[in-house]
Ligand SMILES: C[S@@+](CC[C@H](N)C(=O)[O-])C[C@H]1O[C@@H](n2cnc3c(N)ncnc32)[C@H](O)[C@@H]1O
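Consider the single chain below, provided in structure tokens and representing the form predicted alone.
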């Protein structure tokens, strides 16, 4: 009883709950927590220290910095574990009224070198690798060339390069492509190349690709049909389009913060758009919601005939 009462006293503070919410997503240092919370560093340090002494967060050193992470349930004092599990389930799914997760996404992008995009666990279920692995398995076993339209930081481009003779990543953002090229170089992939520019003016020949990918690209385009038409132009007869997009949502902050032009698409609308361009649908699936994700996604595969 004493441990449960102590746990309740410690978490009966909004700032500490905000810290726990953030650390449940990713380890952070005090400077990063201060930036996200908008509070004095001394106050944040005190709150983190209180949580650490209670065994609710753990620390580790990386060079000159100390990072804090959320304790595993097994690291929490025995009597408080059931209450801890219930508390964190509620904390992770609570409304982000102060937009801490938005600022956390910015911190994560800064760590990655400023590449545009979203941290998948926080904001972008359409980039979740369990979903993409399922899609990649639907592709033809042998592919000469794939094109990743709106490739961003190039993570998916690099994965495609492992199963294609050549993959071309296309994006309008120079900084994003710098990150993409660096990632390809780090992973030793010589068959991935990147083109900066508007995809509608892309200097690639017609019918040159076996696969075209649009991974959360359409919601950045003034006219989403343009992306589908570019994919159709580049695909060989029988080539496949794989697409991942966000379902309709009400998170309007993504317009200013992330450059979205559309707040998601209904699965039926995406299907109609692809069929209008001339694709034959082979699969369309709305992904189930996952705890803590801010959006839901839809994935599709279609053949160009």
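Since the model is a prediction, treat every value here as computed from it, not as a measurement. Positions refer to the first chain, counted from 1.
Note that the form predicted together with the named molecule isn't included here; everything after this is about it.
Student: Would you say all of 15, 20 and 56 touch the named molecule in the predicted complex, counting a heavy atom within 4.5 Å as a touch?
Tutor: Not a single residue of the candidate spot has a heavy atom within 4.5 Å of the named molecule in the predicted complex.
Student: Out of the stretches listed (218-226, 99-107, 86-94, 204-212), which one is close to the named molecule in the predicted complex, meaning heavy atoms within 4.5 Å?
Tutor: The contacting stretch is 218-226.
Student: Residue 151 near the named molecule in the predicted complex, any heavy atom under 4.5 Å?
Tutor: Contact with the named molecule, yes.
Student: So in the predicted complex, does residue 198 come within 4.5 Å of the named molecule, heavy atom to heavy atom?
Tutor: Within the cut-off, so yes.
Student: Examine residue 189 and determine whether its closest non-hydrogen atom to the named molecule in the predicted complex is within 4.5 angstroms.
Tutor: Contact with the named molecule, no.
Student: Under a 4.5 Å heavy atom criterion, is residue 182 part of the interface with the named molecule in the predicted complex?
Tutor: Contact with the named molecule, no.
Student: Between 158, 176, 164, 232, only one gets a heavy atom within 4.5 angstroms of the named molecule in the predicted complex; which residue is that?
Tutor: None of the other options qualify; the answer is 176.
Student: Could you list the residues in 159-179 that come within 4.5 Å of the named molecule in the predicted complex, counting only heavy atoms and keeping sequence order?
Tutor: Residues within 4.5 Å: 170, 171, 172, 173, 176.
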